[in-house]
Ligand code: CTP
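Okay, so here's just one chain, in structure tokens, the form predicted on its own.
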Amino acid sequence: MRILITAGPTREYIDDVRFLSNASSGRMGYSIAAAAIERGHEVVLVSGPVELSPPAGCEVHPVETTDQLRQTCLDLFPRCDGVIATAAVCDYRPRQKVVGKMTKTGQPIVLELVETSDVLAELGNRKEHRWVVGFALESQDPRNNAMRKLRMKNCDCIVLNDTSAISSLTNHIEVLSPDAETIAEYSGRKEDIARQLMMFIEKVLRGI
């Protein structure tokens, strides 16, 4: 299979030097990319800024902002068999970016934020014969929130994990079906989870 994988955070700039982002290390996505290559698949990795080296043998597309991630994925997805979306996409961006560098004035400032593009939802709406695996990082009402994302984004399944996964070497995930059933569950090092998840995808989603 030829698999599109998104990984790492996105950044939304306030001015030319400051940005909104999150603490995603990209490790889960990079581990999945490595596991897919180990199993003989072609990997197209779209990565936000991380301090990791891409696994040898994958096609890498570095991005920074959510709009860059969106456009790159929309360009690449038609030539792939499916997508595994692990990227931690910023949900909001400043309505207006300040040109140059803001300086202190001694007064509070108000930052107006607007929602960013929903990249996974767009891929889900365009999937046709392709499969879509989403990731949901949740801290409150996790299963209901994950299922809401699965349905809104037209995923074939969604991987639920919690905030303890951020910047960690280990993880615990549940794979949820459209019927809200736990169809797989894995714990351990992210590299080991990635191998198990790839075997699950090969068995359950290949050829849908």
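Start at 1 and count along the sequence shown; that's the residue number. All of these numbers come straight from a predicted model, not from anything done at the bench.
Form predicted together with the named molecule: not shown, discussed below.
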For the named molecule in the model of the complex, the stretch among 30 to 38, 147 to 155, 44 to 52, 168 to 176 with residues bearing a heavy atom within 4.5 Å is 147 to 155
Touches the named molecule in the model of the complex: D81 (any heavy atom, 4.5 Å)
no
How about G124: is it within 4.5 Å of the named molecule in the model of the complex, going by heavy atoms?
no
Hey, in the model of the complex, does T116 get a heavy atom within 4.5 angstroms of the named molecule?
yes
Would you check, heavy atoms only and a 4.5 Å threshold, whether F135 touches the named molecule in the model of the complex?
yes
